[in-house]
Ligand SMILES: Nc1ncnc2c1ncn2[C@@H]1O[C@H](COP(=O)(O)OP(=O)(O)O)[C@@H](O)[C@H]1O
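This document opens with one chain alone, in structure tokens, the form predicted on its own.
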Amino acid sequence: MTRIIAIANQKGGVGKTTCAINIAYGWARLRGPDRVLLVDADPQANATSVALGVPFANGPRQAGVGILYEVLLERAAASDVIQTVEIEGNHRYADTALDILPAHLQLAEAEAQLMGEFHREYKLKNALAEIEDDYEVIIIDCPPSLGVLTMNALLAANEVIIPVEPGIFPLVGIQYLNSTIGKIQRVNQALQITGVLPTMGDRTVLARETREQLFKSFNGAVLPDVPRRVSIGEANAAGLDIFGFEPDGDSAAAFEDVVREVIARG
């Protein structure tokens, strides 16, 4: 069965999109091409900016080129919108590729337009059903909210990864998200929490206490930490995953540990 993993947290600024990008790219680098689909369900379209460039995600719409917006409104099939991203190798990783179902700022309009649609929370699930068997894993980058787009992602997914930064407020928010996931599991019984992913890690007491609380709250289902590094943001700005931007850095090593652990939990 294809693994469909939503990367979700209703709180912004926790590194959610960075995790989605680097898990997807890391999976493709470790497992080879034609295995990974990255779905950008966030109207900020940051994952699309990295994969296809800022003009695609934030500039004028390209004539004849579809995005997730058309798929959710049933104006296009997912297979007609998906684009392949060639990923250049380096001395540590071979050339590879992944597919992306891209977003654009226009995706924000879908929230309002879907409100009157029948079974609006199942649009993404129905669209992915037609192509999911083509992939080993589908990674969905969710918006930082619990609106219609995130509900679509969680009902389409069979797994969820929750990125969380150090601090008391993120812990409060994650408990609310956990409650929401529990409610969704009544309808989508296949959905499970694959792991909580500590981001922006450092050696502070706050980071250590946050990790300890996550272990208590999620029965040890905590993924390896991702460190707080300037290079991660620089990679995003350069339109690269961390494995291509700084392959020998500790951030790439941390994300490779995360990817290997997520693969092992499948």
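Computed from a predicted structure; not experimentally measured. When you see a residue number, it is the position in the sequence shown, counting from 1.
Note that the form predicted in complex with the named molecule isn't included here; everything after this is about it.
One stretch from 227 to 235, 50 to 58, 29 to 37, 206 to 214 that, in the predicted bound form, holds residues within 4.5 Å of the named molecule by heavy atom: After filtering at 4.5 Å, what remains is 227 to 235.
Quick one: does L240 come within 4.5 Å of the named molecule in the predicted bound form, counting heavy atoms only? L240 lies outside the contact set for the named molecule.
4.5 Å heavy atom contact, V14 and the named molecule in the predicted bound form: Yes, contact at 4.5 Å.
With heavy atoms only and a cut-off of 4.5 Å, decide whether V222 touches the named molecule in the predicted bound form. Heavy-atom contact with the named molecule at 4.5 Å: absent for V222.
Would you give me the residues of 190 to 208 that have any heavy atom within 4.5 Å of the named molecule in the predicted bound form, in order from first to last? Only M200 sits within 4.5 Å of the partner.
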